[in-house]
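Before any questions on how it binds or moves, here is one chain, the form predicted alone, in structure tokens.
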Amino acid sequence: MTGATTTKRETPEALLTVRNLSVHFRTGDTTVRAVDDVSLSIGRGEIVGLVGESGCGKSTLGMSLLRLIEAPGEIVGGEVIFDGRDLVPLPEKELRRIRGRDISLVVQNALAVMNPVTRVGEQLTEVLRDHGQAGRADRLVRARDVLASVGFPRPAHSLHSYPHQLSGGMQQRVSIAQSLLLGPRLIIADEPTTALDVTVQAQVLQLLTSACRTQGTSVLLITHDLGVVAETCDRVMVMYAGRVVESGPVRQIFTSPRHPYTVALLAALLPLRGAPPPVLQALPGQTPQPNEWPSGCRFNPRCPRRAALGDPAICEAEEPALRDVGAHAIACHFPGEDAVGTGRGSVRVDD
């Protein structure tokens, strides 16, 4: 999206605005377009969910916002405007000051990003030291306090623990604590609860939403779990084959999905009430590889709506642009309105 026009993809008072972002991976003569011309925005204090099947480009998009994509991947176009500054052309030294302090990252496997031979307290205080917070005693107090804020019953004792001495849930709490240390304005949470059991998952989500509501922190929540999105997010973006195909307020997306891919994702959920169906509604096929996208609409080979309409030629000939349709932004030549009721897959969406 270009120009000064405000649409549902670029909210007023946006903290983060992404315009036409593209990320390619080049290996030899092959170019893989993992993220293709994506535009989005996140408001101040807003929680935005990003959903889609594996291979859609969600994690690549999230890492690109912090410019953490390594070779052979590279950002080949677009802007990432954070609080008025484009992060794409910034020197690495300036970007390092923004990471952690203004934008932080929570990943799925906390243990994979922790130093296994360094105590938790040292890992937390190192972040504070790197961002100029002097005084070892003050840094330890801050580290202890942030562990307490994420639910450690004995935070002072836990400062002396090694990562392997903590449960998976506690490791993830350390990861969240680290992301909150410097009071960031945006948290990118990439599948932060997938590896956790249901009880711990709920606790971790409560921590993230509490930070957002009480401190005005914005959150981009990347997840496969539509129930989590319904419970925690203000808006949701649906991604398929490197592009955002639908976005809008959570309630409207869940009660009146317009893109056939969104409809299929919701239809695959178990109903909240009544007996489960004998067979879950599964979407045939799989997400195409980034270098094997079909012509026209990338969803067209799997699209039940296209088949029901008699295979319109435009679906294979022309890629639909993301445009505003009612309360949604949708990339579909034939945007529909499919209610997701209790007889099919459904989730509860709170006010």
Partner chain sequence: MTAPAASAATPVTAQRRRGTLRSRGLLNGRVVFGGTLLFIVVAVAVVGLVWTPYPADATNLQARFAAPQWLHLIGTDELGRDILSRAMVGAQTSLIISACAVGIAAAIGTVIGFLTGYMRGVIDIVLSRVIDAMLAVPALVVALGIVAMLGASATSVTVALAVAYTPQFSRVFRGVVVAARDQTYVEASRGLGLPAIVVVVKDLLPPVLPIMVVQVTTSLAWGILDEASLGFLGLGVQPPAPSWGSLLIEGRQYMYDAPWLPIGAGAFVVVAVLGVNILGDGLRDVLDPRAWTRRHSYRKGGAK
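Residue numbers count along the first chain shown, from 1. All values reported here derive from a predicted model rather than from experimental measurement.
One more form of this protein exists, namely the form predicted in complex with the partner chain; it is left out here, but the text below deals with it.
> How about residue 25: is it within 4.5 Å of the partner chain in the predicted bound form, going by heavy atoms?
Replying inline: Residue 25 belongs to the contact set for the partner chain.
> Though only this chain appears here, would residue 290 touch the partner chain in the predicted bound form if you measure heavy atom gaps against 4.5 Å?
Replying inline: Yes, residue 290 is a contact residue.
> Does residue 32 reach the partner chain in the predicted bound form if we count a contact as any heavy atom within 4.5 Å?
Replying inline: Contact check for residue 32: yes, within 4.5 Å of the partner chain in the predicted bound form.
> Is residue 112 close enough to the partner chain in the predicted bound form to count, meaning some heavy atom within 4.5 Å?
Replying inline: No, no contact at 4.5 Å.
> So which of 322-330, 309-317, 280-288, 36-44 is the stretch with heavy atoms within 4.5 Å of the partner chain in the predicted bound form?
Replying inline: Only one stretch qualifies here: 280-288.
> Even though the chain is shown alone, can you say which residues of 76-103 have a heavy atom within 4.5 Å of the partner chain in the predicted bound form?
Replying inline: The stretch does not touch the partner at all.
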